[in-house]
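Take a look at this one chain, the form predicted alone, written out in structure tokens.
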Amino acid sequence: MPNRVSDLDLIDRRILKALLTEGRLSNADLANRVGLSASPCWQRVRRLEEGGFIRGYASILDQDLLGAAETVMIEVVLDRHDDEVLEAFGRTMQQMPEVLEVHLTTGEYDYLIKVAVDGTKGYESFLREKLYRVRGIRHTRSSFVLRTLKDVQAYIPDGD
């Protein structure tokens, strides 16, 4: 079973790339795209799942149609950096459904948070009713996303 990217062959990479762009491919269609018969393709997909290369399958939803069309990137600085504060912050972010991503970062800010909101009123509500009530936050800085030029879920390096 592969457990590092260097263990993946060309067919494994083709499978991952096909599923990355079209996660609902049937096994027959996937096998056809990567040049395998159905049974070996299915076995490879199962092996990639078991090896952790494929962590799950998801639908990409339209935030605009769901009523939260604006995306805000929020940089956060915490008061302290001990384990208790970091863990509490992480748990709190997990509980906020409008928080799409949370990244611990290097540099001037501790975290970069991606949030979906319904316009400036939705953003103000998120700040006042949720984010500013999180203990341990010293400072935030926000930027509204005007347009997304690229949005992919993973990078699959080419083989050697």
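One rule holds for the numbers: they count along the sequence shown, beginning at 1. This structure is a prediction, so every number in the text was calculated from the model and none was measured.
Same protein, other form: the form predicted together with a further copy of the same chain, not shown, and the subject of what follows.
Asker: Which residue, A38, L127, L112, V134, is the contact with a further copy of the same chain in the predicted complex, using a 4.5 Å heavy atom cutoff?
Answerer: Residue within 4.5 Å of the partner: L112.
Asker: I'd like to know if E87 sits close to a further copy of the same chain in the predicted complex, meaning any non-hydrogen atom pair within 4.5 angstroms.
Answerer: Within the cut-off, so yes.
Asker: T106 versus a further copy of the same chain, in the predicted complex: is there a non-hydrogen atom within 4.5 Å?
Answerer: Judged by the heavy-atom cut-off of 4.5 Å, T106 is in contact with a further copy of the same chain in the predicted complex.
Asker: Does E49 reach a further copy of the same chain in the predicted complex, with heavy atoms at most 4.5 Å apart?
Answerer: The answer is yes: E49 has a heavy atom within 4.5 Å of a further copy of the same chain.
Asker: With the partner left out here, check for me: in the predicted complex, does some heavy atom of E22 sit within 4.5 Å of a further copy of the same chain?
Answerer: It does: once a further copy of the same chain is placed as it appears in the predicted complex, E22 has a heavy atom within 4.5 Å of it.
Asker: Suppose contact means any heavy atom within 4.5 Å; which members of 46 to 64 contact a further copy of the same chain in the predicted complex?
Answerer: Stretch hits, in order: E49, G51, G52, F53, I54, R55, G56, Y57, A58, S59, I60, L61, D62, Q63.
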